[in-house]
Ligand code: SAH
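Next up: a single chain in C-alpha cells, the form predicted on its own.
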C-alpha cells in the first residue's frame, strides 16, 4: 500500500537513483514527519512488538542487579552515569531503578541519562520514570564524561544496515530502487571489491548475503572509549549472532512479519545483530556472546520466578509461567537473543557472563 513516505522515496529514487538499504531504513524509521519511531509508540501488547522488559519485570530486575554488582566490583564510584540507548517506554530503566533501590549508595551516585530520538517516546518515558531525575539526549555523544554503566536492549537491531551479495570475484550491493511496476524493491549494483569485505571472501560462496552496520561499530567505539577511560560497563541485548551471514532484514507490523517495502514508515524494520562488529570496534574488554536464557538463568531468574509465583494464582500465575518460558526457553527468546558486555581491561565481566 502506498504511504506518504513511499511517495517521497519513489520520487527521490527516480530523481537521484537507487539508495542503500541503510538510507532506506533510516528514512523509514526516523523521518521527522513520516518515520516509524517519530509517529508512534510501537511497544507493548497494543503495539507492533513486545520486548523483554514488557514481558516480565524479572528481566529488568536481574539486569539492574548485575549492573549494580559491576559498580561495586569497580569500587563504587561516587558519581556515575546510568544510561540506556533506545529506552522504549522506559520500562527497563524503571525496573533497573526499582531493583537497585536497596543497593547502598547506588542511587545517590547515579545520574540517569536516556538516549532517545523520538519525541513521542520521550513523553511516555517521562511518565514511566516520573519519580526520578532523568536527562534526555538525542545522541550518544552528549553523555557526560564519567564512569558509565549502560544498557541497550533491542537497540542495535534497528540500526541501518547495508547488504551485499557475493559474486564470483567480489560483491554486488543490494540497493533499493523503483521497479518496472512502480514499486519499491531490491536491485543489484555491478560487481566490485570492498576492502571491508575482503575477510569474508574465505567463508562465503557466490549467492551468499552479508550485512554490514557501520553505526554499530561507531557506537561500540564511542561507548568503549568512555568505559576504557572512566570505567563502567555496557550490556547489549539483541537477536543475532557472532558473524553475519544471510538475509536477516525484516519488517514487523501488528506483531507479525510484514513486507518491508509494502508500507514504508508504518512497520518496524530490523536485522540480526553482528556481534563480531561490536567486538572488533571495541576499545576495551568484551565478554563472550551468551544466549539470553543462559545469562538469565545464571543470574537466578528461576529462583526469582518461584518467589514471585508464591503470591499468584489462576490466570496471573499462568501468565507468569509463560513469561519465564518466553524469556529463557531455547525455542522462544532464550537462544535467539544474545548478550554481550563491555568492561575495562583487567576487570571482571558482568555477572552471568564470561570473558
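The structure displayed is predicted, hence computed values, not measured ones. Residue numbers count along the first chain shown, from 1.
Only in words, not in the display: the form predicted together with S-adenosyl-L-homocysteine, which the text now covers.
S.K.: Just to confirm, with a 4.5 Å cut-off on non-hydrogen atoms, which of 232, 264, 240, 88 contacts S-adenosyl-L-homocysteine in the predicted complex?
M.R.: Selected residue: 88.
S.K.: Can you work out which of 317, 308, 289, 30 has a heavy atom no more than 4.5 Å from S-adenosyl-L-homocysteine in the predicted complex?
M.R.: Filtering the options by heavy-atom distance leaves 30.
S.K.: Can all three of 164, 197 and 274 be found with a heavy atom no more than 4.5 Å from S-adenosyl-L-homocysteine in the predicted complex?
M.R.: Not a single listed residue reaches S-adenosyl-L-homocysteine in the predicted complex, so no.
S.K.: Looking at 289-297, 30-38, 324-332, 61-69, which lies within 4.5 angstroms of S-adenosyl-L-homocysteine in the predicted complex, counting heavy atoms?
M.R.: Correct option: 30-38.
S.K.: Tell me, yes or no, whether residue 117 is in contact with S-adenosyl-L-homocysteine in the predicted complex, where a contact means a heavy atom of each within 4.5 Å.
M.R.: Judged by the heavy-atom cut-off of 4.5 Å, residue 117 is in contact with S-adenosyl-L-homocysteine in the predicted complex.
S.K.: Is there a non-hydrogen atom of residue 56 within 4.5 angstroms of a non-hydrogen atom of S-adenosyl-L-homocysteine in the predicted complex?
M.R.: Heavy-atom contact with S-adenosyl-L-homocysteine at 4.5 Å: absent for residue 56.
S.K.: Any chance residue 80 has a heavy atom within 4.5 Å of S-adenosyl-L-homocysteine in the predicted complex?
M.R.: Answer no; every heavy atom of residue 80 is more than 4.5 Å from S-adenosyl-L-homocysteine in the predicted complex.
S.K.: My question is simply whether residue 171 lines the interface with S-adenosyl-L-homocysteine in the predicted complex - judged by any non-hydrogen atom within 4.5 Å.
M.R.: Because no heavy atom of residue 171 falls inside 4.5 Å of S-adenosyl-L-homocysteine in the predicted complex, the answer is no.
S.K.: From first to last in sequence, which residues of 148-179 have any non-hydrogen atom within 4.5 angstroms of S-adenosyl-L-homocysteine in the predicted complex?
M.R.: Going through 148-179 in order - heavy atoms within 4.5 Å of S-adenosyl-L-homocysteine in the predicted complex - the hits are 153, 154, 155, 158, 159.
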